Each structure stands twice: as C-alpha cells, then as structure tokens.
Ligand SMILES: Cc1cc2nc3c(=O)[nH]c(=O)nc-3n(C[C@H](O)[C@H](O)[C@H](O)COP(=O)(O)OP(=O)(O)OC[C@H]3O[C@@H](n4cnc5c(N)ncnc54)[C@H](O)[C@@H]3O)c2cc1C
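In structure tokens, the next block holds one chain alone, the form predicted on its own.
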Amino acid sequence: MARLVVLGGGVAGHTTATFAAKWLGKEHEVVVVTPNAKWNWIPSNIWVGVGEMSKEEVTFDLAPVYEKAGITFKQAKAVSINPEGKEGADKPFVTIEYTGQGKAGESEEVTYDYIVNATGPKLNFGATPGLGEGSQIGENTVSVCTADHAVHANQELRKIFEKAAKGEKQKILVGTGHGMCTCQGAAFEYIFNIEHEARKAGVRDNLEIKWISNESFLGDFGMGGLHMKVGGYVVSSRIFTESLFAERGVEYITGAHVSKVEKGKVDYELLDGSTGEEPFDFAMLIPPFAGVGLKAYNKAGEDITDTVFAPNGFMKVDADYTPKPYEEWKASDWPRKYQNPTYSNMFAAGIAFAPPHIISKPMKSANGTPINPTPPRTGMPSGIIGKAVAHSVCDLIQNGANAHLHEASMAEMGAACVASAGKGWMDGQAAAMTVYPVVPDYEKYPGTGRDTDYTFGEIGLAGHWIKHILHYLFIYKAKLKPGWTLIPE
C-alpha cells in the first residue's frame, strides 16, 4: 500500500486529494493535512463581507466529506519535510502539529510515499507595518481573505453605512496593502460590491470610495493586462476597467506601495518616487502572499530549505528559475508537471508552487522599491493543476516510476473569471472574462501574447447569475455529491 500525503485542503489540495482517492481506491491511502476544520469557497467571501451571504453559506465541515471519500483527515499544520527520512529510518516524512481533533499542540511524523504541497499562501499581513499581524488583524483595516475575516469586515462596514445614513461623510479605501501583492481581483470585487450595496442602502452620496493598487494601470490584475473581445471589438482590459470605475464614480491610485498603515490613514509610495497619505474611515487592503514557512531537512538533519523552496517560501518545481531580463522571459519558463527537481516524489499545486517570474512587467519606484503585482495562481488554475498532479501521482503509484506525468502549463491553460460588481437577482452585475492562455505567449501570439478569439469579456446581469450558480455548483462538487467529477475545474 502506498501513501499519498496532501498538505492543504483548499481548492488545489482538496481537488488533488479527492480525485486521487477516487482513482486509487482502497488499495492505497490518501492523507490530507490541513489546519482548518472547514472548507471555504473563497470567491464568495466578498459577499459575506457585504452581508449578502453568511459564513455558513460559504463553508462546510471537511471531516464527514473525507470520511465518505475514504481519506484520512488530520487537522494540523505541516511544519517541516524530511524527504530523505532520518538516520535509522529511510522513509520520508512530514512533521505536523495538530490544531484540532482534540490533539491541539501535539506533533506527529507522518511518513509518505508521495507528497503534494498545496498549502496555499501565508497571508503576510506583517509585511506592511500596521496592516495587521496575528490578533491585530482588523485593528486598522479589515480583510475578506477568510470567512471569519469577511464576517468582521461586514460588521465594520455596517457601522460606516449607519454613519452615512445619518448624514456623516465617510471615506472607504479598498485595494492592495503592499507593493508586491497579488489577488487584485478579490479587492476589485469587494470595492464594487460595497458601491452597489451603498446605492441599495441609499447612502452612496455620503461615501467617497477609493481604490489603491500596486498595478501600474487599472486592469493589470497581475497578468500584465490583456486584450479581449467585447461586443465584437478587441479592447484592452485597461479601457474595460477604467470605464467601470468612471461609471461607478470610484477614484483610484495605481502604482502604489502601501508602506505603513495607521488608524485612519495609509502612507504610500508611487512609482515616480513621490509619497503621500490617504485618509480613510474604513479600509480593506489585501496582504501580500508568502509561503507558509515549511522547513526541509536531509537525512543528517541539515537544513535544506533553500534546496526545496524558493526564497519566498514557495516550493520549487520544474520551472526555469534562471534569472534573466524581462525581455527574455518565455512561456516555456513555466512549470508543466509541478514536480520538485530534487525529490521526484514531491509535487506542488496551486499557490504553493514557486513561479519562475512575475507576469506583469517588473517595476521599481524611483527609490528602488519594487511595485508590481505577483502572479495569480488561484481559482481555476489551482483546480486544473491539482487534478493534473493527482493524475501523475496515481499513475506513478499504479504503474511505477516510469509512468507518464500529466502536464498543465499555465502558458497553455485558459481560465474563466467571473468578477462580481454587485449582488442581486435583478440588479446584480458581474464581469465575465475568459483568458487564453493565462501566462502570455508572445512567440505564439505576437503583440497581445494571447488568442483574442478565446479572450473576451462582458459585464452585466447574466454574469452575476453565472457567478451565483457557480457558487452552488462548486460547493456541490467539493462536497463530492453525485456526479461531482463531471463538474469541470
């Protein structure tokens, strides 16, 4: 019997584990290690953050789902990996520390034959002073990164709406909280849902709503922007996005590194080197992401973390990490198999793999401060990668070391995104966009880097209906309900 250990129970980890358990059957063991007792459909947290959904509607208990699937569930966080085992024991293992199941604080060494790192990101609030670290999250700003954060965000937003209803002018600031953030899309959805709810509540006139982002232009989204077909015409995402901001009366600051957050104000630096302050009464700023801090040790107990992980804490895979000028970056630099180059029984999926470079053009301020989005690897790409990795591991277990490894390069992968701009069955809106490929390939598609026949976008009520349906569809899939494998990633 072989044992596959999956670290993380988010989109990538859950996808990997559930498909692997289905394909491997009872002859082999699949173990999931995740510190969370519940699964969270993160894209809907923005609706929790404006009071349009409850925490219970976007989460469910993992234990009964894994029991049904025959998966061993350990509510714990991974601390370190020993891919060579240790003196006196050749079997590789991962050291975990329990966070629940009546074992909180206890440690265990879990051996494995194959391991998939799908730990996702550390929400690195501490990278920006005052943004919030540990128990201080919410002291100066709020977050929608977790369901609990989103519940708190809505509670604070209601206070702002109450003040606005009394005629008090209020200022709302939403965006990114550091010059190296990703996940601009979540902030984009949240700011327009706030604006939509403000109009519904009749308080919009008393709210100044402002966007602040590390993108050099609106519509970059960490993908260097894109050209897409809208109404039969090819337009840039910059025009598409600027139009929405103008239509909703939302002001913006781009190319900004938030350097410090205090009660009621942020300090920021722009690409031109200038600095400024922006006051607020309510702020939701996405933190930068980092690896979760896993360590790695060889058989002698020596630290080999730098061998297994990149400096940002994400796991190295079959990508080209050679430093090179931006002009020399290629689509072929991106990983295809997500296999660690040093230890062939280790894989990474979703946010946990180290990208070879950013997608947007790298930029620094006149003072040398990096201000550019890091690559998005969430949502649809995470699910596709997780399924491909599950295929590879299952084939290795069932067919031996020479088995074919499945490929899922983000430079050959399309993705669909439905970004909410307000919830409501008759007045909701969402921007529905497809992009192909996610990582631009300028050799194959000169000029735009993408196929404009498969890269398009529209905004309207139909997009909202699609996003609402997808919410229930993907929770249905994640609960392994009948026919779940037929629902695409």
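The first residue of the sequence shown is number 1, and the count goes up from there. Keep in mind it's a predicted model, so treat the numbers as computed, not measured.
The following text describes the form predicted in complex with the ligand, which does not appear among the structures shown.
K.L.:
Taking heavy atoms and a 4.5 Å cut-off, does Val50 contact the ligand in the predicted complex?
P.N.:
Contact with the ligand, no.
K.L.:
Using heavy atoms and a 4.5 Å limit, would one call Val389 a contact residue for the ligand in the predicted complex?
P.N.:
Judged by the heavy-atom cut-off of 4.5 Å, Val389 is well away from the ligand in the predicted complex.
K.L.:
Evaluate Val292 for contact with the ligand in the predicted complex, applying a 4.5 angstroms cut-off between non-hydrogen atoms, and reply yes or no.
P.N.:
Output for Val292 is yes: heavy atoms within 4.5 Å of the ligand.
K.L.:
Just to confirm, His227 within 4.5 Å of the ligand in the predicted complex by heavy atoms?
P.N.:
Contact check for His227: no, nothing within 4.5 Å of the ligand in the predicted complex.
K.L.:
Does the trio Ile194, Gly219 and Ala283 actually contact the ligand in the predicted complex, every residue with a heavy atom within 4.5 Å?
P.N.:
Zero of three within 4.5 Å in the predicted complex.
K.L.:
Among the candidate stretches 320-328, 370-378, 100-108, 397-405, which one is within 4.5 Å of the ligand in the predicted complex when only heavy atoms are counted?
P.N.:
Stretch with heavy atoms near the partner: 370-378.
K.L.:
What is the one choice in Ile115, Val174, Ile351, Cys181 with a heavy atom within 4.5 Å of the ligand in the predicted complex?
P.N.:
The option sitting close enough to the partner is Ile351.
K.L.:
Of Gly132, Pro92, Pro121, Pro355, which one comes within 4.5 Å of the ligand in the predicted complex, counting heavy atoms only?
P.N.:
By the 4.5 Å heavy-atom cutoff, the listed residue in contact is Pro121.
K.L.:
Any residue of 5-23 with a heavy atom within 4.5 Å of the ligand in the predicted complex counts; write them all down in order.
P.N.:
Contacting residues: Leu7, Gly8, Gly9, Gly10, Val11, Ala12, Gly13.
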